[in-house]
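Quick heads-up: it's one chain on its own, the form predicted alone, in C-alpha cells.
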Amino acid sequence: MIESVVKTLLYVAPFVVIATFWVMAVRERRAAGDPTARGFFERNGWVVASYLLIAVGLWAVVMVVLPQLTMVDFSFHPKLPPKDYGGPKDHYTLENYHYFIFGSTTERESLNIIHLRAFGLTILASVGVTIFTFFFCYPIAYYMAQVAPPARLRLIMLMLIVPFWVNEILRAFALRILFGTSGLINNVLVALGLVGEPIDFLGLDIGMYTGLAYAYLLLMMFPLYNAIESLDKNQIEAARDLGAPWWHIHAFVVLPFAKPGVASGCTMVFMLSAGALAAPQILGGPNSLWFTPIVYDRFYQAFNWPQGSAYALILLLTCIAFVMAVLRVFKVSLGEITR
C-alpha cells in the first residue's frame, strides 16, 4: 500500500511542478505585460496553437518527464537481478543515497570522501567554467552586437560556427593532442625557452577545463549577442555624452539590459558543464575527479543502475537548486530567460 502511494506521488509530482510553473508564467505575463495584449491562441489561431501545445507536450512528456520519472523511481530500489524486479525483494529504500554520503548502504562510520569530493569539485569547477566563458564571450558579443559592421559580423559569425561543424569527440581529442606533454603547446613553450620541461596540462586538468569552455562557447555567446543586440545604441551614446567611463557604461547600462541573456547563457553553460561526460573522460588526467564519469561507472561498470540513478538525480537536483538560487539573487525570472 505504501509503495503504491509513493509511486503515485513520484509520477504525479512532476505534473504538479509543470502546472505550478505554468501558473507562475501566466501571472508573470499578466503582471509585467500589456493587459490588452492578445493571448497565445489569439495570436496563433486554434489550429496552430493546439498543434504546438500537443507537439511540445508530447515531446516533454515522452522524452523528458517519463525517462526522468523512471530514473527517480529506480533510484529508490535496491540493486537486484532482473528476475527479482517486482518481487518480494524489490522495495523502496534510501540505501543508494546513503551510499553516496557514507560509502556504504548500512554503515555510517566514515564519509564517502571520493564521491563527495568529486561532486563538490564538479559543481565548483562548473561555476568557474561558466564565469570564464562569460568573461571571454562578453567582449566579443558586445562587439558583434554594437560595433561590428554587417560584413564583419557575418565573418565573425562564420568563424564561430564553422569549428562546431566538427564532432565534439573529435574536438576533444584534438585538444588532447594540443595539451599533451609532447603536443604542440608544450613543444612551442620548450622551443621558446619559456619552460625547461613539458607541462602536464592534462594532469593539471587545464585541458579538461579548456575543453569544457570550448564545447559550450556558443551557448554563452548567442544569448549574450541576442540580448545586447536589442539594446538601443542611443542609450550608450547618451551615457558617453554624459561623461560615463567605459566600465560604467557596461556595468550600469549594457549588463542590466542584457541580464536575461546573461542568465540564460550562464544557466546553459553551468548545467551542461556539470553534466559533461566526453570532455572529462577524454581530457581528464589520471587523478581527475569529475562526477559524471562516476555516474557512468555506476551504470556501466558496476552495473548498479539504481545507484547510478540516485547519483544522477542528486546532480540534477543540485544543479537546478543552484540555478534557481542564482536567478533569485540576480532577480531574474524564468520568463525573462526564455525571451
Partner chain sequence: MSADVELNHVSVKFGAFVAVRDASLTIRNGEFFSFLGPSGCGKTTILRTISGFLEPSTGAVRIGGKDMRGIGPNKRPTALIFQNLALFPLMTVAENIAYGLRIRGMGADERRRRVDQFLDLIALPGLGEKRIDELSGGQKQRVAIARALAVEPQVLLLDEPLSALDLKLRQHMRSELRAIQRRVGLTFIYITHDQGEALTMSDRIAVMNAGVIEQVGDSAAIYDDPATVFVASFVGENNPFRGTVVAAEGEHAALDTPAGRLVGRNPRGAKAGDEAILFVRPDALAFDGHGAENSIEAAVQSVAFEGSVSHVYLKGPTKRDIVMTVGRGDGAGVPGQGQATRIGFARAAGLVLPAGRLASD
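Residue numbers count along the first chain shown, from 1. As the structure is a prediction and not an experimental result, all values here were calculated from the model.
This next part talks about the form predicted together with its partner chain, which is not shown.
- Residues Trp165, Ala172 and Ile177 are none of them found to lie within 4.5 Å of its partner chain in the predicted complex, as judged by heavy atom distances.
- Residues within 4.5 angstroms of its partner chain in the predicted complex, judged by any non-hydrogen atom, belong to 227-235 and to none of the other stretches in 119-127, 143-151, 194-202, 227-235.
- Only one of the listed residues (Met268, Met71, Leu217, Ala239) places a non-hydrogen atom within 4.5 angstroms of its partner chain in the predicted complex, and that residue is Ala239.
- This chain is drawn without its partner chain; in the predicted complex, the residue among Ala263, Ile249, Leu160, Ile185 with a heavy atom within 4.5 Å of it is Ile249.
- Proximity of Ala244 to its partner chain in the predicted complex falls within the 4.5 Å heavy atom cutoff.
- Mapping the unseen interface onto this chain, Phe132 falls outside it, with no heavy atom inside 4.5 Å of its partner chain in the predicted complex.
- Put simply, Pro256 is close to its partner chain in the predicted complex: some heavy atom of it is within 4.5 Å.
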